[in-house]
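The chain below stands alone, shown as structure tokens; this is the form predicted on its own.
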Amino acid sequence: MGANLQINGITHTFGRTAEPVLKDLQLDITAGQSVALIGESGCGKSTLLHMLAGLLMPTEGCVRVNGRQITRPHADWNMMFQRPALYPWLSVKQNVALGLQFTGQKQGLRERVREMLQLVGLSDRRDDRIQDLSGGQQQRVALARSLAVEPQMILLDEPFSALDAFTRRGLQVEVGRIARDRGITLVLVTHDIDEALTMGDRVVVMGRNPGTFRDVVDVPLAYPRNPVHPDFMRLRSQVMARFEASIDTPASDKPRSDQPVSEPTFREESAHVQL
């Protein structure tokens, strides 16, 4: 069963006299729901995700999971990073077993590892070394390790950003399917609008200076989602427009008409999956 997640009035500053990096964040996420966070670089998406994981405490407000305030990491919620963070001196099956060993779940460990590797399509690589796997396969190992402890929530910090387009698309669909089948709550940080719409039941648009929730877009599309379907393309345009509206650029920073426009932090073409 997934976790009910509440973000209750979070404001955060790094240092007593610093300006807040996050301000007045309020959001409820129901069990089994998938929410994608998008926004400019520097808006505090990853900082917020670390708070949801219990790795960082907010200056004000709190995060609650199933009504209980998060004060530290817990096996009921796992985090996947841009890099899979695997141990290269261990085999695939040994890496998957780590989470179970750390939490003392040793009974039926071998069967559980076998089940997870079958789930992510790596049964035939169980004895291989990590360095012999592709980037996509390594992320599958990290996913299997996360799923082995039966988490209520998985937090994704751009875990597919370093992968090629085909592998990225496949993992987006597969991770979303596994989470839905098992009722796991997902919170995803991404710069890719197509990824947000592929995986999210809702897309939260963040602004920066300070980081705030500017908009929430529901994604009422059936799974699996096709990025070239007209409804998907309409939603993409809506989310892109709301993202652009969230960008606050001081007048003095806007380029004059005779100056070249610098490359933006988030380009519209990056929102499209290249197939």
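None of these values were measured; they are calculated from a predicted model. Residue numbers run from 1 along the displayed sequence.
Same protein, other form: the form predicted in complex with a small molecule, not shown, and the subject of what follows.
Site residues 14, 40 and 46 are all in contact with the small molecule in the predicted bound form, judged by any heavy atom within 4.5 Å.
Among heavy atoms of residue 21, some come within 4.5 Å of the small molecule in the predicted bound form. The partner is not drawn, yet in the predicted bound form one stretch among 214 to 222, 228 to 236, 46 to 54, 27 to 35 has residues with heavy atoms inside 4.5 Å of the small molecule: 46 to 54.
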